[in-house]
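Before any questions on how it binds or moves, here is one chain, the form predicted on its own, in structure tokens.
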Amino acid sequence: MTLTERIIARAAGRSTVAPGDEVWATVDLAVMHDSSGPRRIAPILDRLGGRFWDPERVVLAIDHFTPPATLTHAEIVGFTRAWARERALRHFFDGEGVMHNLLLEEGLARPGMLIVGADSHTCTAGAVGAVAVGVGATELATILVTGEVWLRVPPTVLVRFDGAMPAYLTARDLAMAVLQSLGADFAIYRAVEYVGEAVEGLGVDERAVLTNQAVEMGAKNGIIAPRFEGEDRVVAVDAAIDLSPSVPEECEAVHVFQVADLSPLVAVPPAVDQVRPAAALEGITLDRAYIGSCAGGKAEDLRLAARVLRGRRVRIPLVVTPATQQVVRSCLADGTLQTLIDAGAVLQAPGCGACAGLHSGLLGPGERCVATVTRNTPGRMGHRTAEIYLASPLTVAASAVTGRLTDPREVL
């Protein structure tokens, strides 16, 4: 079996499963946030009896509407907070950062787990070798009561990156290379598993970018075999399960990329798979730059930006929204935040920020922004006529320095 199939088989209590099998599987972790959680599921949960199957396996984070920008936001946050306290949720994070990143930071997501969450980017947790899938709010309510989820086992598509990563590339460039080559729908209801020398050399922060972007490829989940030694070592939820990478022969397809052939990339509006080399877009001027989101606001993202910004000043407004409080603490301790601020960046409170189009840096009509956010669909970060160019932290920082889309090799 593939890595994803082995994990689902364990959760379903079976010795084997195959692509297309329909199974009821026991959930290891059910996760939600203030946008997808209590405000949507509370009435459904009440009709189902209101009791969790296991409160210790439930995670709730206030991340979308914090800090509240409107009275409606404040009401949602207040309701979420009261709901969590009423149920004495131990894994409740109140304004501490983005749910997806907190799962990894806090060690809640572990290798071999089956994780379900009411958010499409739940697949981010696959960075540590978990099968993490997004579900709708109604389905999450039933999972919270029963502890089970119905799944159709997805076939696995293997994406291999051969060669070592050069200093001017990041995991975001790798993800965009896949989208450029294969399109945003090549992996519909499939598991996308990343392997290869370049992937093996990435830490969890960068691995999380690849698994996060699997949903933009249409995938059911994204996954990378876990690392059990070194700085990013993790502990499996079940020592008996085989968590080694999938064998190509077990996979539906294998796509190979030579890292040495890749260059810094940019996804131009209006779609994540409209990808161009950054060097080919250098005539496009910008109004804003943004570093943040579950895919682009991690400590490694801020440190990559600081590599470019050290000793320089930005020409256009640069907003930095760290993903979590821990990112703030870590980047404060090593001087990264000081470098960003000295360059002219504006630092905001941890959370989803402008990525979800709710507050903290929204774009106005016709504004053009280069950003590390997850998507660039019209209206994603504000006005529908605003243009969002997706790029790595290196490219965003370089573009903030020049005021135009810029290949980071120009300034590194």
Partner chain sequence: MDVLEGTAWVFGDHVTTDQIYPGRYLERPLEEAGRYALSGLDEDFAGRVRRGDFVVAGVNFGAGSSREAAVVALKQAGVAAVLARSFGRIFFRNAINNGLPAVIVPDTSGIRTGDRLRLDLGARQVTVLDTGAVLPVINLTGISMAILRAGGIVPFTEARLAERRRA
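Numbering follows the first chain given and starts at 1. Note that the structure is a prediction, hence the values are computed from the model and not measured.
There is also a form predicted together with its partner chain; it is not shown, and the following applies to it.
In the predicted bound form, no residue of the candidate spot (R160, D242 and V308) has a heavy atom lying within 4.5 Å of its partner chain. Put simply, of I188, A167, A253, A164 only one has a heavy atom within 4.5 Å of its partner chain in the predicted bound form, and it is I188. Contact annotation: of the candidates Q258, T285, T146, S181, the single residue with a non-hydrogen atom within 4.5 angstroms of its partner chain in the predicted bound form is T146. A residue is said to contact a partner when one of its heavy atoms sits within 4.5 Å of a partner heavy atom; G134 meets this definition for its partner chain in the predicted bound form. S360 falls outside the set of residues with a heavy atom inside 4.5 Å of its partner chain in the predicted bound form. The closest non-hydrogen atom of R368 lies beyond 4.5 Å of its partner chain in the predicted bound form.
Residue contact check for A42: none of its heavy atoms lie within 4.5 Å of its partner chain in the predicted bound form. Between 275 to 283, 331 to 339, 296 to 304, 73 to 81, the stretch whose residues reach within 4.5 angstroms of its partner chain in the predicted bound form through a non-hydrogen atom is 73 to 81. Annotation for 42 to 56: interface residues with its partner chain in the predicted bound form are I44, R47, L48 [heavy atom within 4.5 Å].
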